[in-house]
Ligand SMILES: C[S@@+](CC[C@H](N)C(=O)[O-])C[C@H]1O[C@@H](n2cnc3c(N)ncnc32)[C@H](O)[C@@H]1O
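Take a look at this one chain, the form predicted on its own, written out in structure tokens.
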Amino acid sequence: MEVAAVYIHIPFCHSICSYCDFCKMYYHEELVDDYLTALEKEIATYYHGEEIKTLYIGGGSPSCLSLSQLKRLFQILDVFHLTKEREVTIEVNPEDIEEEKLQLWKRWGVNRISIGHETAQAKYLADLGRSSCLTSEALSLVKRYFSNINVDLMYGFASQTKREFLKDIFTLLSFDVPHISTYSLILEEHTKLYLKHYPRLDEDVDASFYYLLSSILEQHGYTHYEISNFAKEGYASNHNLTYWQNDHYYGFGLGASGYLTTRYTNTRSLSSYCAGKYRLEEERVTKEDAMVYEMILGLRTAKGVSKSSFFRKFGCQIEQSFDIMELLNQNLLELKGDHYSIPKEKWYLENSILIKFLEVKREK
């Protein structure tokens, strides 16, 4: 089993966003110190010395750590055997962008920055519980040290107008970054917005925003290579492609998930984690499970799922494993050369199409 990717979760934040359902907690210096000690022990317990192609540090807000804590984090991560072509990403909040941290990340081998911009509209930032967004001045500072930059864009706010959305899109385009991740606001249970009964944007309007965004970004040189992601040539996220290609990866840290011989999720309890009780649940992955994951993850991408690659992995044809004729007849799937994919004009319906796909899979 080849494992070439690592995800590291840093759950600490200076403030808690109202929409966030990830494992997170308020920053406290002493908690961070204890957490890093536990993280080091977890990595020592499970990492087997494989060569790692991608390392992704997410959260939470890993950029909220102090300089000394960041130095300790990277000393811990030095245990990984990274390839020369490695991609090392860290998630950054706009308010944490400062030259000393950028210099430290560069020095320790980070070569990709992902910035949580979300929106430039003050009223929607307030809805999200965020204090700031990315500015051109802050981005100019980032660009002194990094060229591989992702910026997140969120839309689908209550009462958001097309004019407001276009303003956000063209603000983003003015940043001239090589990768853009986009998300329609989802009201996850137990988040502040969900509990406050935040009104959803009309679904038809939300769909029109999705296709408008895709059209504009493609006109400006971005490839819409995955349901939510756009990249200029050569800048697709190699780490995320690990997930979508159903490849194996480690997940370390509070609430992190990984895929080895099992799919596992770590505890969200800081006390349990620091006591060395890392795993919350594990699921044995059967061959049939792996084939299902191969399809539902690969169908998120523009390229789709390769018939020949599927056969090499599992020793059987896609058509032998899944009854997909109905989906093909309904134009919810298409076959182009060697690849099955969801037609681009149906991408907004991806979740419902994948549900249909799971309903028609053959029982073996």
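Throughout, we count residues from 1 along the sequence that is shown. From a predicted model like this one, the values you see are computed outputs, not experimental measurements.
The form predicted in complex with the named molecule exists for this protein as well; it is not shown, and the discussion that follows is about that form.
With the partner left out here, the named molecule still marks one of 298 to 306, 329 to 337, 312 to 320, 60 to 68 in the predicted bound form; by a 4.5 Å heavy atom cut-off that stretch is 60 to 68. In the predicted bound form, the named molecule stays beyond 4.5 Å of every heavy atom belonging to residue 353. Residue contact check for residue 118: one or more of its heavy atoms lie within 4.5 Å of the named molecule in the predicted bound form. Contact check for residue 152: a non-hydrogen atom falls within 4.5 Å of the named molecule in the predicted bound form.
When contacts are judged by a 4.5 Å heavy atom cut-off, residue 130 counts as touching the named molecule in the predicted bound form.
Annotation: in the predicted bound form, residues 20, 93 and 188 each come within 4.5 Å of the named molecule through at least one heavy atom.
Of the residues 170, 183, 194, 293, just one reaches the named molecule in the predicted bound form with a heavy atom at 4.5 Å or closer; this is 183.
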